[in-house]
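One chain follows as structure tokens, the form predicted on its own.
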Amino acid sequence: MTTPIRQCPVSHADFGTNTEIYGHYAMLDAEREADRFRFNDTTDRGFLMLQRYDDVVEGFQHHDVWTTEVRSAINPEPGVPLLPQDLNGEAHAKLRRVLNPFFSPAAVRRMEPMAHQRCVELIEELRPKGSCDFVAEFAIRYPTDLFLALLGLPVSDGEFFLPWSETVFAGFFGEDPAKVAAAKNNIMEYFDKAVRERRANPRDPKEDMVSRLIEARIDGEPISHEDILTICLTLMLAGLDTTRSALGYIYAHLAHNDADRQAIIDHPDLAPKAVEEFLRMYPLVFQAGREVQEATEFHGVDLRPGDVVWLGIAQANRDPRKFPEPDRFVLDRRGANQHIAFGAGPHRCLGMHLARLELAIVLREWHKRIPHYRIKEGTELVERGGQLTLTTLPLEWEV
């Protein structure tokens, strides 16, 4: 029998490995139902797992002493600097106030015509082919184009920008460090050129984010050039992989569940509700990490400075104590928007309104043009660990 650690049963589950599709959710559901808290010993530092909805939401509120010095319980080392994510307390709030206007519901609505146009263009490009790798040919291209537009950069740059960003993503999961470093340098040089150009030719800071970052003052001081580049890199990392991953799970679900797909075909106006339910069922960032700064106690569990805490987003979103029949897709589920797929507390995802808009537009426009599709016969769907995504999703449809 394993000796409990920090008063908790011990988990040996490794969530960083690849599995068959939905394999991680099955493991996470089992962990949550086995024990309220567990200590996982699969990493050098180990981590305390908060697994049930109420505990996880409460954990996100301990931002004063549980900080983002650790962002991922699985990979607790700092890695690539991120802003504003790496900041805590008032410093984080001040930088968020600079960025918030570009991600407010009103700002996102202003992007809707462009998002709609680009979505339709990509679908119309694919429709005559009768098949595609949905992950590679649509799900990553769409958010890449919108990200560039958000920064006021040419959408056409996505052609060479996308391979760099893919290599940087791969770096989180074992890609050759030299390749990752080269790709990151390319991206930073690209942003450096763009920011310098904008310094020479500023635009309206109310509509152009880079111009806003250049003119902004925090405590009377401008944001440094390096920090502006880091903010651009952070927005890229935060927005591209997550949207790609969400679309992969949504379309795998709809390809397997004809009744749910037909409901969206028949009621496209319900796309926003469908998005909330999909985000609840299939959160891709299935955990957030935090580092304890002060000795504390959490519902009977002792914590020490330097301890790593796992905030189980997926376990909370699929907790039957909060969401009855959590494995079932319920298009009009009451309270579905209380999911925490975007996190909670001050570090809640900055781009959540944009993500919702992107996903709802895709659901409406894709099913208007390609209502019926299937996964290519013989495909074995694999999901990447760490931060879930489908490595490929080959779809076919009648032309």
Partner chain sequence: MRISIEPNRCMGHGRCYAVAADLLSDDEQGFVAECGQTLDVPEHLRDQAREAADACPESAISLLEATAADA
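Quick caveat: nothing in here was measured; it's all calculated off a predicted structure. Positions refer to the first chain, counted from 1.
Unshown form predicted together with its partner chain; subsequent notes refer to it.
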Exercise. Although its partner chain is absent from this view, report whether Gly300 comes within 4.5 Å of it in the predicted bound form, heavy atoms only.
Key: no
Quiz item: Can Pro105 be called a contact residue for its partner chain in the predicted bound form at 4.5 Å between heavy atoms?
Solution: yes
Quiz item: Does Ala344 reach its partner chain in the predicted bound form if we count a contact as any heavy atom within 4.5 Å?
Solution: yes
Quiz item: With a 4.5 Å heavy atom cut-off, would you call Arg348 a contact of its partner chain in the predicted bound form?
Solution: yes
Self-check item: Interface segment, criterion being heavy atoms within 4.5 Å of its partner chain in the predicted bound form, picked from 39-47, 54-62, 364-372, 22-30
Solution: 54-62
Quiz item: Counting only heavy atoms and a 4.5 Å cut-off, does its partner chain in the predicted bound form sit next to every one of Asn100, Glu276 and Gln338?
Solution: yes
Quiz item: Quick one: of Arg109, Arg328, Arg321, Arg217, which gets a non-hydrogen atom within 4.5 angstroms of its partner chain in the predicted bound form?
Solution: Arg109
Practice problem: Residue by residue through 352-373, tell me which have a non-hydrogen atom within 4.5 angstroms of its partner chain in the predicted bound form. | Solution: Met352, His353, Arg356
